[in-house]
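This document starts with one chain, in the form predicted alone, laid out as structure tokens.
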């Protein structure tokens, strides 16, 4: 396998009037699973196609292993067939007139490999993917999950240096998606394969990735491990995009009161000191406070927890837990609820550790980093 380095990649259309990828740079280590994540139109598939050699960028450089395969500045462009990469698409792209065995063998036959080696590779990949009993069937006789495993097998059998996957689970139902996602990660670890995976589904990204590159409008908003993006979002976009249910956001204003600095959010107010920030906030600074639903509880974890009185709007049972939607002073709060069942209109008291609250400055939306330690001091306000 090999590492992949993308430097200052730029792609535009319509004579530069539409920018698809805006000077993007990131690296994928040897054997790493990297997910390009973002909403539709953010440039993630365009980046993947540049790595594959299907699109020639206007600027930038792409290195696979120790070989420069694309460099606009040096006028280097290695053809896709010479890059030793394999792609798996959302559409299975299987040959309908060939059996599973023949579909798997086809790319090896194109390379002119001996028949015995082809059969050995095909059998090995079929056993790995659990499709041995399907080898004599044609694609029309397979389910969606089976077809996707065959498409993945056709990539694996080539033994490429890098795998590129463009939303390969998009056509699968929810149960199959979970199953194939597990198999994909297991195979990646087993082979120590370098994989770059495109998706708009943040659940896929969080469960599969060693590294996430989160994009918006052709630019990288943040890159790092799934845990880093979840716990330390760099800005409001990252905070609201990562996490399910999404983060609760409420606007507040910093003001001095009773000899201390407070953030007044209407629904509640909290001492700046209790937020355990790495820098101070000036008076009259407008901020956005973010609270993860998982950080809201029906019982306090410490005497310093922020109390929010609310009214139940809706409870979505999820089996072992539920998603609670509540209203407090006109503000909608979403929480992961593990307490007793609640009825709409019922009063409920919610508790939040203020050190878990994220603070974003406005209007830029940048995250104010946390300090290593902090102090307590807070005050809740009653709901309607």
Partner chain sequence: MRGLLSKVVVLALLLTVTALYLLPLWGALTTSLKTDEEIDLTSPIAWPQRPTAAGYINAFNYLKRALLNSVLITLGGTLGSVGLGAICGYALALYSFRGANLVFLLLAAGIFLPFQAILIPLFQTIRTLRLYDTIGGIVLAHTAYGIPMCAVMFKTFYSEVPKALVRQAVTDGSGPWRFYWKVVFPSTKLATVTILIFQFTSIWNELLFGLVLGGPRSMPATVALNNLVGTLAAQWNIQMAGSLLLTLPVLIVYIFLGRYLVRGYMAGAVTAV
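Definition used throughout: the rigid core is the maximal C-alpha set that superposes within 1.5 Å between two forms. Positions refer to the first chain, counted from 1. The model shown is predicted, which means the values in this text are computed figures rather than measured ones.
Unshown form predicted together with the partner chain; subsequent notes refer to it.
- Message: Please determine whether each residue of 260, 279 and 368 possesses a non-hydrogen atom within 4.5 angstroms of the partner chain in the model of the complex.
- Response: Result no, not one residue of the spot touches the partner chain.
- Query: Among 75, 227, 81, 284, which has any heavy atom within 4.5 Å of the partner chain in the model of the complex?
  - Reply: Here the answer is residue option 81.
- Message: Give me the residue from 231, 119, 251, 109 that has a heavy atom within 4.5 Å of the partner chain in the model of the complex.
- Response: By the 4.5 Å criterion, the partner-contacting residue is 109.
- Might residue 294 be said to contact the partner chain in the model of the complex, defining contact as any heavy atom within 4.5 Å? No, residue 294 is distant from the partner.
- Message: Test of understanding: in the model of the complex, would residue 95 fall inside 4.5 Å of the partner chain by heavy atoms?
- Response: Close contact exists here: in the model of the complex, residue 95 approaches the partner chain to within 4.5 Å, heavy atoms only.
- Query: residue 138: heavy atom within 4.5 Å of the partner chain in the model of the complex?
  - Reply: Judged by the heavy-atom cut-off of 4.5 Å, residue 138 is in contact with the partner chain in the model of the complex.
- Could you confirm whether residue 54 comes within 4.5 Å of the partner chain in the model of the complex, counting heavy atoms only? Yes, residue 54 is a contact residue.
- Residues in which of 260 to 268, 153 to 161, 241 to 249, 192 to 200 have heavy atoms within 4.5 Å of the partner chain in the model of the complex? Comparing against the partner chain in the model of the complex, the contact stretch is 153 to 161.
- Query: Of 301 to 321, which residues get within 4.5 Å of the partner chain in the model of the complex if you count heavy atoms?
  - Reply: Counting only heavy atoms within 4.5 Å of the partner chain in the model of the complex, no residue of 301 to 321 makes contact.
- Message: After a rigid core superposition, would you say the CA of residue 140 moves by 2 angstroms or more between the shown form and the other one, or not?
- Response: Moves: yes, 2 Å or greater.
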